[in-house]
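Take a look at this single chain in structure tokens; it is the form predicted alone.
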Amino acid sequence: MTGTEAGSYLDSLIRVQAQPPAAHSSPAWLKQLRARALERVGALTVPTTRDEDWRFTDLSPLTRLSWHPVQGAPQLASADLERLSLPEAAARLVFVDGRYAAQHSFNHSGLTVANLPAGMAEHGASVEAHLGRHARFEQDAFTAVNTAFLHDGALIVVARDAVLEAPVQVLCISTQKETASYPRCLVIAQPGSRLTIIEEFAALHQGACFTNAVTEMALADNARVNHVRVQRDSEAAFHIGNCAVSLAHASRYHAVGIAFGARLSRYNLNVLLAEEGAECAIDGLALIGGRQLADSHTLIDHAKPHGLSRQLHKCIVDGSAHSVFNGKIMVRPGAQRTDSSQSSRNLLLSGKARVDTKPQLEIFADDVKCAHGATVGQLDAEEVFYLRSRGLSDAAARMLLTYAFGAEVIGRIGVASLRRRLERAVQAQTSRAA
């Protein structure tokens, strides 16, 4: 893909982007934000394999396709919604093909959980302080496109010292083929607050679609956020997600990311430990087969002393699928007493499966404790033999071991109904692989 082709593709995304409803009036600062992002879209191009951060991920299958605007009002059958809903949820925001579906959303939490245009009426100053400030669009074409056409979006504001035990669910559902959607989510956790948020991306069709999602989270002093992200788009879909998290003094962020779907997916997670004593734990699992490609890039940026980070990323790769993991831990000058560890573990289920993994440490402080490691391999023949000696068939033994490999990450999800649903999905996919 040439630079001209890449630029033309961004132009095509702009042309098919639907205009916002007339009822959506925007403050001047938001109009300026969109204008700056649109200006950057004109200057940027889609990354190619010549870019170091994209050298394993060829976006030309995405750029060869054309998209059309979403047609009509959001439509969703109750049975489809029930299948994706979480009974534990205290609030739910539903977006269908990128548009807010008020009739399927609710809020019993007492927190601000609202569509972005409505939520800004109460929290305009806070939204202005954070929206577009963490997920930077200056050098990222997809974040720029998302920001340029930012209208509907999930806004979650947790008040000082508020503790919400039940999760908030954000559902982004694709119902129309050959469309592009731009989900947006902003979470503002004020000092001492507690929140669990579930972001789930799903398709109700098997055709091609394009999801370009951006999430921003700002955690104030002593705030705690548990963040679960599940990507289950169709296997013909394209999914690009960017998430930026900023942690203040003694705040804690725990993320679990699960990727099952999409023909091609890329997820960038950047966590900035901006103040002293901040902590994060990031767990990830990609389970792919066929000709899928799942690419995960993470940056854990220790900017201040006494930071703590833990990361475990696992990939299960079958068929001719290709998994990419690039995890960077940055320790800035002066970020003394940083304690960080990172592990990338990968399981190949076929001779054609491929994994490219690159854990990285960049350390510019001298009083730190940092470690990283990566493994790539197949199922242990001795473990398979042991299970077969106990009466299991070869297929059952392989399925059980593969399931156990992935279940470690899923077991860290604190929402029981979601955990059970994902466990069943892993069992189903590992049974097919076996």
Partner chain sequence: MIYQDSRTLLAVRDLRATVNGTEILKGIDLSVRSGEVHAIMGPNGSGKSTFAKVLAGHPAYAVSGGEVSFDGGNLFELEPETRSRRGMFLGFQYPIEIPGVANSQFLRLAYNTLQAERGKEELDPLEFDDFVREKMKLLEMNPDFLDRSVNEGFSGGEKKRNEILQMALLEPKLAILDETDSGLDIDALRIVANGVNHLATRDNAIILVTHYQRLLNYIKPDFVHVMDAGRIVKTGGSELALELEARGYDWVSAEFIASGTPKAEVGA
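Quantities reported herein were computed from a predicted structural model and do not represent experimental measurements. Positions refer to the first chain, counted from 1.
From this point on, the text means the form predicted together with its partner chain, which you will not see here.
Chemist: Contact between D394 and its partner chain in the model of the complex at 4.5 Å, heavy atoms?
Modeler: Heavy-atom contact with its partner chain at 4.5 Å: present for D394.
Chemist: Is the gap between W67 and its partner chain in the model of the complex 4.5 Å or less for some heavy atom pair?
Modeler: Close contact is absent here: in the model of the complex, W67 is far from its partner chain, nothing within 4.5 Å, heavy atoms only.
Chemist: I'd like to know whether D58 contacts its partner chain in the model of the complex, with contact meaning heavy atoms within 4.5 angstroms.
Modeler: Heavy-atom contact with its partner chain at 4.5 Å: absent for D58.
Chemist: Is there a heavy atom of R390 no more than 4.5 Å from a heavy atom of its partner chain in the model of the complex?
Modeler: Yes, R390 is a contact residue.
Chemist: Would you mind picking out the stretch of 29-37, 44-52, 382-390, 59-67 that comes within 4.5 angstroms of its partner chain in the model of the complex, counting non-hydrogen atoms?
Modeler: Contact criterion met by 382-390 only.
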